[in-house]
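A single chain, nothing else alongside it, follows as C-alpha cells in the form predicted alone.
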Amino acid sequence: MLLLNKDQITSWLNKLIPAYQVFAPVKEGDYFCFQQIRSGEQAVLNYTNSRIPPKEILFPRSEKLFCYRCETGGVQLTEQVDESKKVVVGVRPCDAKSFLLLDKVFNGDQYVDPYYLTRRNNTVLVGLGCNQPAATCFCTSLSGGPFSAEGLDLLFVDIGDQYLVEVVTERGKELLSGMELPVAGQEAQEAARAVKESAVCSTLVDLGGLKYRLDVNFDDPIWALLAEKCLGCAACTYTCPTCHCFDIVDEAAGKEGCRIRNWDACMFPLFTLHGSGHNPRPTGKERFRQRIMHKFKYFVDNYGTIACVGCGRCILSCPVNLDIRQVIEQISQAGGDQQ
C-alpha cells in the first residue's frame, strides 16, 4: 500500500494525459459524469457517483462499427475499432464490477465483440472507494462493497489529505511509475481501516429465494401491479451500468454509408416490434417483467450471476419513484412456495 497526497493528483493526471485518453468525473451543472479530460484540474474526485455510469467509455451510446463505399471493383469496408489506450480515474467499485458482468456478454464462448473487447483490453481502471455510500446504494447485497477492488487496477481510499493506494494489478502499478510514493505506515493503514468500517450501505436487500420466485411466477398477477407506475421512459436502463441492449442501423447516402450501433432499451415498445406488426411484449407489464427477469433470472441462467451491482441509479433516476429494492421485496413475498 502506498500514499498519494491529494495535491499530487493534478500533476499525476497531467503526466498521464499525453500517453492515454484520460477519463474522470467532471461537474456538469448539478450532476457528475465521466468525460475525457485535457487537464488534471478538470477531474473532481469528491463526488458521490456519476449520473451516467462510465460504461459508455467502453460501450458508447452510439458508435460506428464500420463504414462502406461502393466502388467499381466492389464494396470497400473500413472497420472503426478504437485501439486508443485509456485510463478511467475515480471509478466506483460498483461500476468496476459492472464491467466484469459486461465481459460475460461481450466476451462469451459463442460471441466476442471486438469493439468492446479492444477498448476493454486497452483500458486501466483506477477505483475510488465510497466513504459515504448514498441512501440508495445496496452493493453489499450483491457481493460487492464500498471498497471492493474487484475488477480494478488501482484502488484509492480517501483518508483526508491523502489517498491510500492499493495496487491491484501490474497495469495499475505502471501508472504510478516515476511517482516514488511512500509506503503507507501503520497510522495511514489504521485510518483507511476506520474509513472502511464506517462506510455502510443503509439497505440490505434479501435476495434469498428470489431466483426461485422468478422461475415460477411468470404469469403471476404481481407483474400488472408492479408495472402500474412505470412510464416506460427507460431512465432506469440508460443509467444502469449493466444494461447492454442495442440496435444497429445503416446510415447511407449515395454510394457510401456507415453501420452504427446505438443503445436501446427493453422498456421501449419498438424494441420487440416485429416487421409483421406483432409485438410479443405489447404492454408495459411485459416490458417491466422482462427487465426484472433479465437481471435476476435470465442472466443468472446464462452466466451464473445477477446483472445488478446495487449502484442505485435506477432508483434516483425514476420519475415516479419506482424502487427496485421494493420491487424485489414484493416479488419475494408473492406466490410460489420457496423450495
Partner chain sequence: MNANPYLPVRAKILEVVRQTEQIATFQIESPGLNPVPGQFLEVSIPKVGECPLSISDFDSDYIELTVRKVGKVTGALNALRKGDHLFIRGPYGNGFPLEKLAGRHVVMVLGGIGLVPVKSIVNRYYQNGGVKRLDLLVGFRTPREVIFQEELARWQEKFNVVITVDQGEPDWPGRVGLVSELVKEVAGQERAVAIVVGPPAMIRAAAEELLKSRVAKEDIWVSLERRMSCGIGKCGHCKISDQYVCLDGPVFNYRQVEKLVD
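These figures come from a predicted structure and were not determined experimentally. Residue numbers count along the first chain shown, from 1. For the two forms, the rigid core is made up of the largest set of C-alpha atoms that agree within 1.5 Å on superposition.
We do not show the form predicted in complex with its partner chain, though everything after this point is about it.
- Although its partner chain is omitted here, in the model of the complex none of Ala134, Val167 and Gln326 has a heavy atom within 4.5 Å of it.
- In the model of the complex, its partner chain sits within 4.5 Å of a heavy atom of Phe66.
- Interface residue remark: Cys230 is not counted as part of the site for its partner chain in the model of the complex, having no heavy atom within 4.5 Å.
- A residue is said to contact a partner when one of its heavy atoms sits within 4.5 Å of a partner heavy atom; Gly275 meets this definition for its partner chain in the model of the complex.
- Its partner chain in the model of the complex is approached by Asp250, whose closest heavy atom lies within 4.5 angstroms of it.
- Just one listed stretch, out of 151 to 159, 258 to 266, 199 to 207, 174 to 182, contacts its partner chain in the model of the complex at the 4.5 Å heavy atom level, and that stretch is 258 to 266.
- For the options Phe106, Tyr238, Phe147, Tyr212, the one in contact with its partner chain in the model of the complex, meaning a heavy atom within 4.5 Å, is Phe106.
- Between the options Ser62, Asn302, Asn46, Ser39, the residue in contact with its partner chain in the model of the complex by a heavy atom within 4.5 angstroms is Asn302.
- Residues Leu65, Phe66, Tyr68, Cys70, Gly73, Gly74, Val75, Leu77, Glu79, Val81 are the members of 64 to 91 with a non-hydrogen atom no more than 4.5 angstroms from its partner chain in the model of the complex.
- Once the cores line up, the CA of Gly178 ends up less than 2 angstroms apart between this form and the one not shown.
- Glu228 is not among the residues whose C-alpha shifts by 2 Å or more between this form and the one not shown once the rigid core is aligned; its shift stays under 2 Å.
- Remark: with the core as the superposition reference, the CA shift of Lys211 between this form and the one not shown stays below 2 Å.
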